[in-house]
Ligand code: BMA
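This document starts with one chain, in the form predicted on its own, laid out as structure tokens.
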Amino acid sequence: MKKAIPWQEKPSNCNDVLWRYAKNPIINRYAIPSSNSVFNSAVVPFQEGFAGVFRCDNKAVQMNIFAGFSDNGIDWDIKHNPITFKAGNTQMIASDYKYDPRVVFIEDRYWITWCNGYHGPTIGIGYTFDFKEFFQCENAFLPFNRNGVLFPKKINGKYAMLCRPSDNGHTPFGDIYISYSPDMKFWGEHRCVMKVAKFEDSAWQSAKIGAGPIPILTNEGWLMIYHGVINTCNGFRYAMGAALLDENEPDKVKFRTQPYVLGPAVAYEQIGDVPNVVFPCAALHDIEEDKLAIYYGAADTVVALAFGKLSEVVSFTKNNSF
């Protein structure tokens, strides 16, 4: 029997394509004893329920990733100790930090990507079969890089990953690229997918952009939910957008939203360790029921949920493109 994804009907007074879960945030900053904050985390269907990999910064503000489980995708039991990796296709598994994970099932296992500390940020890769035993692989790229997001199936016989080349600081720039691998170890064929918008065209995504949840294959191509950033007089402001990429050549953007689909507008998104942040990292979808549930980090402090009709998000992306 198929597990129902989290869902709440659209409020009658909502005119937006996405709407927030009424009981947000679903995970608070002190969800485990050591945590200062829990945010920017990844969720997938697993067995009779759901599993996830969660970014939990501790009270020394050290960044690490933790496994968690849920029956309904809303109420979570997060392990109190960070994930310990064994050697996968490499013996080099030490890292200075781990944050902003994504998770996807491909073929026979769950692959995890995250921002990995190795002389600066790069993309770490690992896998698990059961969310109890984890294996770490070679880093995908040279430092510096962030927002590594795998596609859920091979494209033209190769694994494909979106990322954002960056610098070693709090990157004031960034475009989305795609890279390919025959074996999840060696990556190449790097192609630019999408650049930041001109300020006058779409200011909310004019400083940097980065891929969010695992792309969803629709009749119109790959739906890529992403975050966009504007550099304001009060600092960076992160919002959520959507784009449609060609199914077979995902470096080709078919449509891209000019307006954001969700921006920081309520207290838990505007007030926190980093104010004014909506940062999507995971999405569950049900094509038959036309449902989409997006998990996002709010103000770099908590985890929240937003919902939408998958067909309406696709239509909105096509009709509000630039």
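Because the structure is predicted, anything quoted here is derived from the model rather than measured. Sequential numbering from 1, following the sequence displayed.
A second form of this protein, the form predicted together with the named molecule, is not displayed here; the remarks below concern that form.
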Check your understanding: Can we say Tyr99, Lys208 and Tyr238 each have a non-hydrogen atom within 4.5 Å of the named molecule in the predicted complex?
Key -> yes
Review point. Which one of these stretches, 257-265, 274-282, 28-36, 43-51, sits within 4.5 Å of the named molecule in the predicted complex when only heavy atoms are counted?
Key: 274-282
Point to revise | Residues within stretch 9-35 having a non-hydrogen atom within 4.5 Å of the named molecule in the predicted complex | key: none
